[in-house]
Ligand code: BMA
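Take a look at this single chain, the form predicted on its own, given in structure tokens.
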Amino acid sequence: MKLERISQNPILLPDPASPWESANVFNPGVVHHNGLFHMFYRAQGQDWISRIGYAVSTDGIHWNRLRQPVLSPSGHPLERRGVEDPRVLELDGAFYMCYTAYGYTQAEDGLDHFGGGTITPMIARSHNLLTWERLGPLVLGEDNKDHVLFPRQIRGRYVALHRRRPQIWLAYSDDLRHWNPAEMRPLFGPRPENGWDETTVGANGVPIETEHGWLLFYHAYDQEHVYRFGVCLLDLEDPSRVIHRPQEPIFWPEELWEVRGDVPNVVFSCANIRVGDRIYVYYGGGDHVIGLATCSFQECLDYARFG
């Protein structure tokens, strides 16, 4: 199985007239709500600080975008260098955004320093998709990202995926604000014998609930730093159990704007949403523009079960 790119790609480009999205637009999260596609995308402009923009569409292909970001760095040291890679979902009557804060750590000397703990997984909540309340971090003090919530509680608790390099991990919470590090467990990691996912793995968009399990899209890269996507199936009531993980990838860089771009050989997705009998996979190409690839829901599920 392989995802199919749409002919209209890329579907969103930088805006050269904008001070905050003139350089790159990429890595969008998308939610389908009330018949509309709502996109939240990472953007970089003249200052190279990442902000999160918003666009809306009736067909998932042609977009009207807001001219101001909906989430910008707060001024806290953790976010001083940007807010990145949103993954958005509807849960318990509200919308939640898992985004990565990129910043500095502050040492005892009072100065900002690069190093471990500058990449922090954050969660925010909204009731209107435009204004967002920060709930806080999933973890602190370590470089961690690629986090995403499951779209419902499992056994009465909230569950999230996150990445402690090089593995995908699970985390649990009672209130979406407090995540007990002692309960965090690795889900799966790279397969050195497999080539394409031999180095690092991380979650893509929100897991899709099916009668056979959670359909999870994930990304990986090899020693040449070429990104590819794979899928797997997790148990519905115990997502720590991987039911099946196919050996082959379903997507990889091929177009010029994926192979080159601001960062070469990158396809990176934060959204894989089911609309009817199709799955829409939105992704950043080359850390520069946004593309869309689709597949049949049933074909993808069959591949995750038996591929």
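Predicted model only: the values in this text are computed from it and were never measured. All residue numbers refer to positions in the sequence shown, first residue = 1.
This protein has a second form, the form predicted in complex with ligand BMA, left out of what is shown; the following refers to that one.
Highlighted residues Glu4, Arg228 and Trp252: none comes within 4.5 Å of ligand BMA in the predicted bound form, counting any heavy atom. In the predicted bound form, none of the heavy atoms of Asn272 sits within 4.5 Å of a heavy atom of ligand BMA. In the predicted bound form, ligand BMA lies within 4.5 Å of some heavy atom of Val263.
Although the partner is absent here, Lys145 is a contact residue: one of its heavy atoms lies within 4.5 angstroms of ligand BMA in the predicted bound form. Contact between Asp222 and ligand BMA in the predicted bound form is not found at the 4.5 Å heavy atom cutoff. This chain lacks the partner; the member of Trp63, Tyr54, Phe268, Tyr280 within 4.5 angstroms of ligand BMA in the predicted bound form by a non-hydrogen atom is Phe268. You can rule out all but one of 84-92, 191-199, 228-236, 71-79: in the predicted bound form, only 84-92 has residues with a heavy atom within 4.5 Å of ligand BMA. In this stretch, 282-307, the one residue having a heavy atom within 4.5 Å of ligand BMA in the predicted bound form is Asp287; the partner itself is omitted from this view.
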